[in-house]
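Encoded as structure tokens, the following chain is the form predicted on its own, with no partner shown.
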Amino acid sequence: MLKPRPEPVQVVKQRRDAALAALVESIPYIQFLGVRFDRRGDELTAIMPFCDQLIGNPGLPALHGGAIAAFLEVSAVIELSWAGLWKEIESPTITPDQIKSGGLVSIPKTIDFSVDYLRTGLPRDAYARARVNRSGRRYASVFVEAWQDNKSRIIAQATGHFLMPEPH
């Protein structure tokens, strides 16, 4: 029996990029914060570019704690949704138009979200990566950490628990 030919790399990349764009567009607050995501295979890095509106204490200046918490939470939600979509977007039967139409995108709901502020957020770009600790049919737990210039100098970390959406 002959094995089917793999899809061209560009087709796979296009489908993955469309899925990520659909996820990001489904949460308007992500656009408000200016957060974007860098995708390398199945790994996502969230990037929150610095802007003056994110300053909470102009005397230091320091990023607002609420902006940092929101950045961590949207990073966790997108990572969790991305992990859940991965099998579907890897299927050659899914087209970018199906992904963009929103039929595949379901966002988990936050049950609780606990943030630890470890360092002052400086007026610079911030980065975050989330890791799904557990994901079941109804519940998921995600850990996320944010840094600025040096990944080993974490500015904040968080743990979130989420209610998973009903399957399609």
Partner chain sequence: MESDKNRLVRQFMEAIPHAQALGILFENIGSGTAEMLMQYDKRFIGDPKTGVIHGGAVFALLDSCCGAAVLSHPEQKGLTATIDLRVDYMRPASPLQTLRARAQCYNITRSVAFVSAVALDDNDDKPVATATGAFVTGKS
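Residue numbers count along the first chain shown, from 1. Computed from a prediction, not measured in an experiment: that's the story for all the values here.
As for the form predicted together with its partner chain, it is not shown, yet the points below apply to it.
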As a check of understanding, the residue in V132, V115, L44, V35 with any heavy atom within 4.5 Å of its partner chain in the predicted bound form should be identified as V115
| H64: touches its partner chain in the predicted bound form, heavy atom cutoff 4.5 angstroms | yes
- Task: Could you confirm whether Y29 comes within 4.5 Å of its partner chain in the predicted bound form, counting heavy atoms only?
- Result: yes
Hey, in the predicted bound form, does I111 get a heavy atom within 4.5 angstroms of its partner chain? yes
For this session: Answer for E79 alone: is it within 4.5 Å of its partner chain in the predicted bound form, judged on heavy atom distances?
Result: no
Per contact check vs its partner chain in the predicted bound form (non-hydrogen atom within 4.5 angstroms), the hit among 121-129, 35-43, 66-74, 136-144 is 66-74
Those residues of 34-56 with a non-hydrogen atom no more than 4.5 Å from its partner chain in the predicted bound form are D52, Q53, L54, I55, G56
